[in-house]
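The data below hold one chain only, encoded as structure tokens and taken in the form predicted on its own.
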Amino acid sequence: MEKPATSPRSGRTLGPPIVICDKVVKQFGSNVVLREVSLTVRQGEVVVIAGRSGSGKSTLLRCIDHLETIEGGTINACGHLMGYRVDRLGRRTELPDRKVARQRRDMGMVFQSFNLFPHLNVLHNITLAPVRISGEEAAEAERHARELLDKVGLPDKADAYPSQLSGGQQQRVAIARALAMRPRVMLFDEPTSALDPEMISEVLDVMIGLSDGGMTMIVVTHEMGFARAAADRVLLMHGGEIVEDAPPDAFFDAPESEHTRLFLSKIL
């Protein structure tokens, strides 16, 4: 029987594996971006992925959500073999778009850019997908959206349009929009990189709140303060590989990889 894992951050017992990447290969032409990357994330775990630009960290997130197809290996997320089916002979075929879309409902993704619809107010930005894609009743979607706006600290912005919001507020709306689909896993791709410094903390505070609430999160970021405060594990990617995977204390205070030591020396 598998031994339960415990969060080093909160002391909570983590659930079973919910995202499993097994020897994932991704390449663009002759450029190999992911080199047999393997990663397991448990339910309720917060994993931060760091690394230099071009190390493969954002590509890995996009592959987990099947925004990018992979050339080798498998990704199992929320009980689904993401984007593919495998027959008895091990042959892999890609699933139709509609089935991939159903698989993606279990995962919310927040990007660097906010991608809000400029012609819709905040409330409609958040309720659009639950109503159109999940078939949720409009009244229930609105009730949930208002709860989420309260959670991200914007209860008074339901009727505002994106152009009337700061960058930090827009990113918090984007987080609420992703949460509106009731995902089991949240993926964040450098969610603060497009923000002015004074707006970064308001977004990170929302993310810390999600982590404290037990949300499973995979976060690509350079915000090492967030990694120390909220992560159960911190990974470093280099050259398309995971070269360090450790709890925050070990990652920052006693890294095993020379790549990690060099990375930390340049950003801390």
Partner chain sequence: MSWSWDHFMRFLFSEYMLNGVWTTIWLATLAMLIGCTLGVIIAFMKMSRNIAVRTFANTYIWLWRGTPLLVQMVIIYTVLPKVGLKLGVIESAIIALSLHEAAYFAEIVRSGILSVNKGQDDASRALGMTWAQRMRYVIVPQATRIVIPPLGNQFNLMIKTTSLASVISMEELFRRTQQLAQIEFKVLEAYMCAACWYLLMTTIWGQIQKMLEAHYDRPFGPVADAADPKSGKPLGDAAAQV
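Numbering follows the first chain given and starts at 1. Predicted model, so just to flag it, every value in this text is computed and none were measured.
This protein has a second form, the form predicted in complex with its partner chain, left out of what is shown; the following refers to that one.
K.L.:
Quick one: of Glu147, Asp156, Glu140, Glu71, which gets a non-hydrogen atom within 4.5 angstroms of its partner chain in the model of the complex?
P.N.:
Result of the distance check: Asp156.
K.L.:
Report the residue, out of Met186, Leu165, Leu123, Cys78, that has at least one non-hydrogen atom within 4.5 angstroms of its partner chain in the model of the complex.
P.N.:
Flagged contact: Leu165.
K.L.:
Check Val86 for me: does it contact its partner chain in the model of the complex (non-hydrogen atoms, 4.5 angstroms)?
P.N.:
Val86: no contact with its partner chain in the model of the complex.
K.L.:
Taking heavy atoms and a 4.5 Å cut-off, does Arg91 contact its partner chain in the model of the complex?
P.N.:
So Arg91 does not count as contacting its partner chain.
K.L.:
Verify the contact flag for Arg62: yes if a non-hydrogen atom of it lies within 4.5 Å of a non-hydrogen atom of its partner chain in the model of the complex, no if not.
P.N.:
Yes, contact at 4.5 Å.
K.L.:
Can you work out whether Lys151 and its partner chain are in contact in the model of the complex, taking contact to mean some heavy atom pair no more than 4.5 Å apart?
P.N.:
Residue-level check for Lys151: no, no contact with its partner chain.
K.L.:
Do heavy atoms from each of Met107, Leu116 and Leu128 fall within 4.5 Å of its partner chain in the model of the complex?
P.N.:
Yes.
K.L.:
What residues of 18 to 33, in sequence order, lie within 4.5 Å of its partner chain in the model of the complex by heavy atom?
P.N.:
Contacts from 18 to 33: none.
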